[in-house]
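Starting off, we have a lone chain in the form predicted alone, written out as structure tokens.
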Amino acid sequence: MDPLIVTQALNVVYGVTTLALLVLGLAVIFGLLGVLNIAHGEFIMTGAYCAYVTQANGWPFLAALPLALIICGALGFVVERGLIRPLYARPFDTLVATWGLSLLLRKLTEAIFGMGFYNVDVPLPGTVALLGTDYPAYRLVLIAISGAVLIGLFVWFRISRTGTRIKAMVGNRELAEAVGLPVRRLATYTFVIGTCLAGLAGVLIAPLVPVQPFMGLDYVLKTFFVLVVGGLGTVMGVLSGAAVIGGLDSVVSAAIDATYGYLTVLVVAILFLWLKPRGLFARS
């Protein structure tokens, strides 16, 4: 098999799986709670800075994972309780509130770390021979981790008691409250899970991108495009949206350049908003 074709195919798989991981936190919060968290990119950024902090202090890369989960989880808990909870019945207000939160988190990051770019060392350097081509080992690990997180969350949501309660809350909030389910606590859990997933994604992509305060802006746009194409509330929606957006971006960027790749996914997202606003696999 032609090594160039194999490399490009692996790049597409890498782009799709990592984009699915990046969008997962937003999909959980937007798809289940109806909150369009504009600060999603800043939670990804927070995870990336956790990776940088662990490196700057000489800690192992894996230490960034619990650090990001603790910080993003605590932030998500405070934000849901203090900012989002009074606004659940007012979608536009939650959008404005999380937009303000994104500005606040960005400015706090600038105040602490400055405006400079930071690089995080790749924890698993080198390449692996695969199907006649050499491919970066860390990218292969990231593909595997992204797939494992997607499958794990899907299984947990389907079979766990908490997942069943969350589904009941999403299906009929008033009825769930009437039968005694702790709806407010479940909403908090859901929001915290979404912010933790964003932080996890930030840690994992940090060795592959420049870490800087404005990095979240691009990610929140791409993840929104994925939800527009795939639809809300289903794992198939996340995967299909990531496949369309990530696949197109990878192929067009490789064939022409990154600017045309971004323009292509923007046009596709606009067409879906116009012709199929519910996406490919929206929850019924």
Partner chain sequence: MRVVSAALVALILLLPLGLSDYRAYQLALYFLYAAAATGIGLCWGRAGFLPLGQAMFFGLAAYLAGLTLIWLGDSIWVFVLLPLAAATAGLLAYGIGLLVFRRQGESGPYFSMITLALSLLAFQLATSWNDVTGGFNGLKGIPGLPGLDDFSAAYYVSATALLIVLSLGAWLYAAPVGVLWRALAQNERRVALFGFNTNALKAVAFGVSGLFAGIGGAIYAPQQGLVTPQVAGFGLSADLVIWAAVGGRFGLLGPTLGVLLVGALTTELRDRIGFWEVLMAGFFILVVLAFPRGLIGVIAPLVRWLEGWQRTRPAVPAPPRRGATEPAQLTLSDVSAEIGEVKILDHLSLRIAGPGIFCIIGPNGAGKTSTFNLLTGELAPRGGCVLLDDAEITGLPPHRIIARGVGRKFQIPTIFTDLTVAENLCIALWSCRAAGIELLMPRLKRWTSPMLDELVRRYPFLAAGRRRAAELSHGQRQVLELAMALLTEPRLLLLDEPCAGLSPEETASVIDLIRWAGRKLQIAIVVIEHDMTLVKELAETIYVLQNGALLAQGDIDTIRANADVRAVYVGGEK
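This structure is a prediction, so every number in the text was calculated from the model and none was measured. Numbering follows the first chain given and starts at 1.
Omitted here: the form predicted in complex with its partner chain. The next part is about that form.
Although the partner is absent here, Lys107 lies within 4.5 Å of its partner chain in the model of the complex, judged by heavy atoms. When its partner chain is considered in the model of the complex, Phe224 lines it closely, a heavy atom lying within 4.5 Å. At least one heavy atom of Pro86 is located within 4.5 Å of its partner chain in the model of the complex. Mapping the unseen interface onto this chain, Phe77 falls outside it, with no heavy atom inside 4.5 Å of its partner chain in the model of the complex. Here the marked residues Phe92, Leu232 and Leu263 all reach its partner chain in the model of the complex, each with a heavy atom within 4.5 angstroms. Comparing 158-166, 174-182, 193-201, 95-103 against its partner chain in the model of the complex, the single stretch with non-hydrogen atoms within 4.5 angstroms of it is 95-103.
This chain is displayed alone, yet in the model of the complex one of Leu33, Leu239, Val228, Leu69 has a heavy atom within 4.5 Å of its partner chain; that residue is Val228.
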